[in-house]
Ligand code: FAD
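One chain comes next, on its own, written out as structure tokens in the form predicted alone.
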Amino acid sequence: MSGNTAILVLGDQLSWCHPALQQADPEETVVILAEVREEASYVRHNRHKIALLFSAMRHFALALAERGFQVEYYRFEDGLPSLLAACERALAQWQCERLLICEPGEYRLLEQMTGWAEVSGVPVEILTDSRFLSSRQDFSDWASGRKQLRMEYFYRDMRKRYGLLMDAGQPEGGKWNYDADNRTGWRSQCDVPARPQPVLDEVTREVIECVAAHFPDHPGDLSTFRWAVTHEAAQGELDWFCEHALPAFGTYQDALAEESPWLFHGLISMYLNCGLLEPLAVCEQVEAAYRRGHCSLSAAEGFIRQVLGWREYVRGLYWHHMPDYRERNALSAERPLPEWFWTGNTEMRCLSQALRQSLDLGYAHHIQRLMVIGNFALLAGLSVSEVCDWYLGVYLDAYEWVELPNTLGMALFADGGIMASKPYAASGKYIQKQGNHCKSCRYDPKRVTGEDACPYNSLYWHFINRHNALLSQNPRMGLILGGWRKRGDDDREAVLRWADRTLERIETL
């Protein structure tokens, strides 16, 4: 039997809400899924990410077949170089009359796909990705006429639109944002719940062997692979989080801990971003936990803000400003990425922990990404393109639509303030406040200069000094800049000299 219509399902679109699948007649459709070299290696992807997507794709193919779909699946071992090559082979084999695609999450892919009809010889229709809660057009309409595109105002509109945590048209509890209640540092105040380890089935074990063989030089300790690869298993992970970790999630969501890489975080962003979970259902489940008194309002609001607000906002911002957004470098940051970004071999304890965790597990929570790794990259003026490629490759949940605004805009301030109202720059004191890494570090967060001084400290003031002209235009930076100017000339010079020395020996920190 030949299928009249072919549907390409990408590895980050493994959802029954896929717009082409929702309207498809299984008897007249062939679904194409393909593990191809280009997508697996255009950056140095973490092996956890590759294994997660390959295994989830193979399980989704089985689920499609159970629902009566004809499936053409190409494994990595088949050697196909690109998604286009996979589609051309399937279209010829199944004699399809048209190809349906859900718009991809990355501009580079969309640009490629717009030329596929001419190359393949069949009509290619690119459908709007309806799996998000705010379409690209929705965001453009919201952004139209606004001088500043601040997430907080977008988030409020989304709360009203979907009625989440609302009370008679007003925000639950009388406030939109409870972030001030969610900043407690970690001092081993309570036990961290042990997360259940999933049982790896034969499909996943085969994928892990494949990834280990074909990507030996990519980061990722596959012996620690623990990720859900089906919709049912991902839902189980969400259920566990809501029951066991959500009550403490808000309190400690900004905390840094020696004891656990997970603390009370959801660990579901990778499932949302590849289609194994749906964003509205996730938000509704967390809201229901609050409504039944299982968690605080600040915990529920903080979580929902990340999914309903931040996730949708960064996607909208990405498409609103591409393709030139990727080329922005407002602070002229060009310093090469230190080699220890790929090993974690630095004596800065907080940074070493965050880097090794990211490399080994493909995971770090938002404060590790923003205020430990991203903050160091910002202060040291590391190359924007190199840092963005590192983030895109290392993390399980990273696709350019979500990675680029978060890294280039939020962490590096390279967009000049399109996203953030000020640079997220901080000294070692912030890191000391948020966790217990400093106790195990050879560097002293109280010292600014000298061999034992925390590198974040002098680099912070070096950053403030070298970008004085730009930061002077920002009203939120007035107190910091004023304090720096009031310091004695000798004091400032000593700090800047030490920072210069720190940057000169950055590879040995």
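None of the values given here were measured: they were computed from a predicted structure. When you see a residue number, it is the position in the sequence shown, counting from 1.
Below, we turn to the form predicted together with the ligand, even though it does not appear here.
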{"item": "Of 204, 182, 434, 407, the one that lies within 4.5 Å of the ligand in the predicted complex (heavy atoms)", "value": "407"}
{"item": "Among the candidates 225, 139, 249, 186, the residue which, in the predicted complex, approaches the ligand to within 4.5 Å (heavy atoms)", "value": "249"}
{"item": "Residue 303, heavy atom within 4.5 angstroms of the ligand in the predicted complex", "value": "yes"}
{"item": "Close approach of residue 360 to the ligand in the predicted complex, 4.5 Å, heavy atom", "value": "no"}
{"item": "Residue contact check: residue 329 to the ligand in the predicted complex, 4.5 Å heavy atom", "value": "no"}
{"item": "Partner proximity in the predicted complex: residue 311 to the ligand, non-hydrogen atom cutoff 4.5 Å", "value": "yes"}
{"item": "Stretch in contact in the predicted complex with the ligand, which is absent here, among 165 to 173, 320 to 328, 266 to 274, 186 to 194 (heavy atoms within 4.5 Å)", "value": "266 to 274"}
{"item": "Any residue of 338 to 366 that, in the predicted complex, places a heavy atom within 4.5 Å of the ligand", "value": "363, 364, 365, 366"}
